[in-house]
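Before any questions on how it binds or moves, here is one chain, the form predicted on its own, in structure tokens.
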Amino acid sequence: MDKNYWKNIYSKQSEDERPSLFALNVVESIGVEGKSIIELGCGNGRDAICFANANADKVVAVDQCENIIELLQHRYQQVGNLDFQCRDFTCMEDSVPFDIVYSRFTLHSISKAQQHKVILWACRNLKNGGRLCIEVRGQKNEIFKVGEPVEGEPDAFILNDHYRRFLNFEAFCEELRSCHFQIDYAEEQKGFAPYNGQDETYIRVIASRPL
């Protein structure tokens, strides 16, 4: 992951950041009240804060950028159900199982091999019936194949000094199934994450760990 890129991005963001549409969708469609959640790559913390405000029992939000985690730890130290941690989500140890593993715009920032590790980790660290919630760039995204190809990493490109890898929708769903997930919802379309007047195409998947 482009750690320096993200450290620079986070240093410029304002405190007032609304939750993503995906976070709001998870709150509405799945429900988070009383549940334990881990967010992989929390960035400025806006979605983790949304889950905590929606009365999740516990929200663990991890990111590898020290500057944003230190800021969030200081700002939200009095919020009892919210725990910001500086960790690399591609190489975490197993923990007490969660009800929800949440990843928005993070899987396309890591390699395919790292992605598979994360999916396996999620399967091991979700409760039976727990949900894996993912939003990510796919190959129908409008900037797919824009930029400099990354050697040895198919479907990955460097654009504006930033690494992005674009997932094949069907292959990704099959990978989840091969890791013993049940697909509850899966779409690749516009409307998921409009931003600054643009409405690009993204993948959104919600999968369950079988009971």
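Heads up: residue numbers just count along the shown sequence, starting at 1. Because the structure is predicted, anything quoted here is derived from the model rather than measured.
There is also a form predicted together with a small molecule; it is not shown, and the following applies to it.
Worksheet item: So which stretch, 178 to 186, 27 to 35, 58 to 66, 152 to 160, is the one near the small molecule in the predicted bound form (non-hydrogen atoms, 4.5 Å)?
Response: Answer to the contact question: 58 to 66.
Worksheet item: Just one of W121, F105, F98, Y76 has a heavy atom within 4.5 angstroms of the small molecule in the predicted bound form, so which one?
Response: Filtering the options by heavy-atom distance leaves F105.
Worksheet entry | Interface membership of R46, the small molecule in the predicted bound form, 4.5 Å heavy atom rule | Although the small molecule is absent here, R46 would touch it in the predicted bound form, with heavy atoms inside 4.5 Å.
Discussion item. With the partner left out here, check for me: in the predicted bound form, does some heavy atom of T90 sit within 4.5 Å of the small molecule?
Written reply: Result yes; T90 sits at the interface with the small molecule in the predicted bound form.
Worksheet item: I110 near the small molecule in the predicted bound form, any heavy atom under 4.5 Å?
Response: Heavy-atom contact with the small molecule at 4.5 Å: present for I110.
Worksheet item: Heavy atoms within 4.5 Å of the small molecule in the predicted bound form: does L167 have any?
Response: Outside the cut-off, so no.
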